[in-house]
Every structure is written in structure tokens, then in C-alpha cells.
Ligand code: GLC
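This document opens with one chain alone, in C-alpha cells, the form predicted on its own.
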């Protein structure tokens, strides 16, 4: 175990080492490009010691924004021929090579946190970024809503690749014609910690389908069999839209319509409440069926401005069941797997987002979750994710957003900050 001071130095060094000139990669080898929500959270970490670099991270992310407003989940700034699926597979139609799907929109929320570190220094940069953020949010509102809830059209789009939320939809996909391919992830990480080949075949089939349609959203709306209303996307867009409105008002910008859009998203969030489960849940828009999963995405409700006593009961129970929560899947689930990606492991950045929401409500679980995350990172370092039963690191090492969470949130109590 390192001291707090040494951990903070290590975290800063990880951000610097993963810097590729205006953007960070999540970690060397495993993820050699700029990932959307990883990058936004990296900006929050940079803001603790280099405010200019924090803004640059967000600005570089939006250099890849498509003409329709979408911000891709991967930007392929520099060639890395060993990575699969690379830009030649995706066939993105943006200004730089990219994937064809997006990721949860945390950028506005992170921009607000960066701005509030030094509002005077960041004002002009936020003024330039704000309309791009709004265009991205409007893209979600145009193409991704179902009864006001935000849908994902690929498991990678949710960022929770192999979460059990997608099992039933994936089972309906026959990945015919996918062909042979070589995965990058399992050459760097034990395959028991990653999605299975069964999952990956379907991931690639969905990518190939999107490319066939030229990423035309109207066509994909009709043809894509994967469309799931998702708590991750819904809660994070709702929070981001609240932050967009707040920043716009403070800057004196035109915020017409945003309040009505927030109300629409609030109504959409209510459609994700599974009364039988007593939890927010994902909903298959093709069949109307619930997925029946209590995940760490369910706990993002507080971040979106929604209180839930029953959701708090689940979180309290989950934190009691494993010493290093919040587990990505309820530990009582028969599908719980402590080491396999989004089917059990704890992710520090998700703890941060959940904790940020709990703190907004002065919820008694807030301090508990921050302490758990602090102890996890202080004792076990800055891995991609962790086994919640013993804290053992899993996935990639020297991970950017995990280090950023230490700098911007988990370690603040050691510095006497709230």
C-alpha cells in the first residue's frame, strides 16, 4: 500500500503517461485511442493540476463530432494496425476516423466540474464548447428516445459491454457472416475477465450492420434489432442536460427549449422503474420486456436528480454484501461474476458518478461509497476495474479514468476537501 501522497503522484503520472498530445488513451496497449466518456472523466482529473490541459481534453474530443451532432465513442487519431475493430471496420463518416456509435454523454457534467475549478479562466473555452455539447444532446433527443428514455443501439454504446441487460436481445441476433477476426483485448487481459466470443461475434455483427447502412440513423432506427432503453444513457443525459442549462444560463446563452427537454427526460426516466424489481432497469423497446437487472447504472438516479428510497435499499444491501462496491451487478444475482467486466466488478468511475449524485442529496450513503472507493484505490492501485469481493485489480493497468477519480474525488477527504 502506498501513502496518500505517493498515490496522488502516481495518479498524476498516469494521466501524463497516457497523454498522446491533446487527448489521453485509457491505457497503453489495450486501448490505444481516445474513448469518449473516458476522456471526459480524464478532463476532471487534469483539472486538479493542469486546467488548460483539462479543457484541451474536452476540445479534442469534439474535433471528432459528426455533422449531425453525434460524438463517436472512439476517435482514431493515430494509426494502430493491431487494434480490432479499427477505422477500416467501422467506416465512420465524421471529420476524423472514428467508430459509428456514441457513448454516455458525461462531457457536459465534466465540463461544469472543470469550469467550476476556475470559472474566469474557463469562460471563453466553455462558450466555444457549449453549442457543440448542445448539438450532441439534441442528437440523442432526435434519434435515441423511447417514451423519453434514452436507448442504446449497441452494447458498446452503453459503455457496459457485457452487462446482463443485453442478454435477451443478443440471444435473438444470429451473427451470420461475421467472419474471422483477432481480438486485441484478450491478448492483453485474461479472457476470464472479458466478454465471451459469443458476445463479441454479436458486437461485430452490429458494427457491420451499421456500416452497411452508412450509419444512417433513420435506416438504423428501422432495421437495428438492438434498441434498449438504458438507465446509463437516460440518467447521464438527464444530468448532463441539467448542467448544460445551468452553464448556459450563467453564460447568458440561448437556452430556449432545454427546460422542456429536461422534463421529457424526467418522464423517460420514470418509464425505467421496474416495480416488481423495485429498481431502475433496462427495457427492451422491441418487446417491452424488462431485463430484470439491478446494476450500478441503476444507482445513477441520484446523479440525474431523482431520489429513490428503494434504490438506496438495494445499494445499501450491495455494499454490505461485498467490501469493495458498488458492484456492477447485484451480488445476489445468479449472473454475478466478480471478475468478468460488467457482470460484477467494481468500477471506480461509476462509484464516482453515483457518489456525486448521492452528495447532491446529502445522502448518508455518499460518504460510505467515497470511503470504499478511496480504500479500494489506495490499497489496490489504478486498474480498469476490480473484484468487489477482495479488491483485486482486473482488466487494464495504469488506467486513466481510475487515476482521475482518485485525483478529483476519492482522495479529497485526505486533503480536507468536500
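Keep in mind that what you see is a predicted model, and the values were worked out from it rather than measured. Numbering follows the first chain given and starts at 1.
Keep in mind that the form predicted together with the ligand is not shown, yet the notes after this line are about it.
- Stretch 158 to 166 is the contacting one of 317 to 325, 158 to 166, 109 to 117, 129 to 137, since its residues have non-hydrogen atoms within 4.5 Å of the ligand in the model of the complex.
- Checking 26, 381, 357, 64 for any heavy atom within 4.5 Å of the ligand in the model of the complex turns up a single hit: 26.
- Site annotation in the model of the complex: the residue of 153, 279, 103, 291 reaching within 4.5 Å of the ligand with a heavy atom is 103.
- Proximity of residue 341 to the ligand in the model of the complex: non-hydrogen atoms within 4.5 Å are present.
- The ligand in the model of the complex is not approached by residue 57, whose heavy atoms all lie more than 4.5 angstroms from it.
- The closest non-hydrogen atom of residue 399 lies within 4.5 Å of the ligand in the model of the complex.
- None of the heavy atoms of residue 352 is located within 4.5 Å of the ligand in the model of the complex.
- Contacts between 26 to 42 and the ligand, taken as any heavy atom within 4.5 Å in the model of the complex, involve 26, 31, 35, 37, 38.
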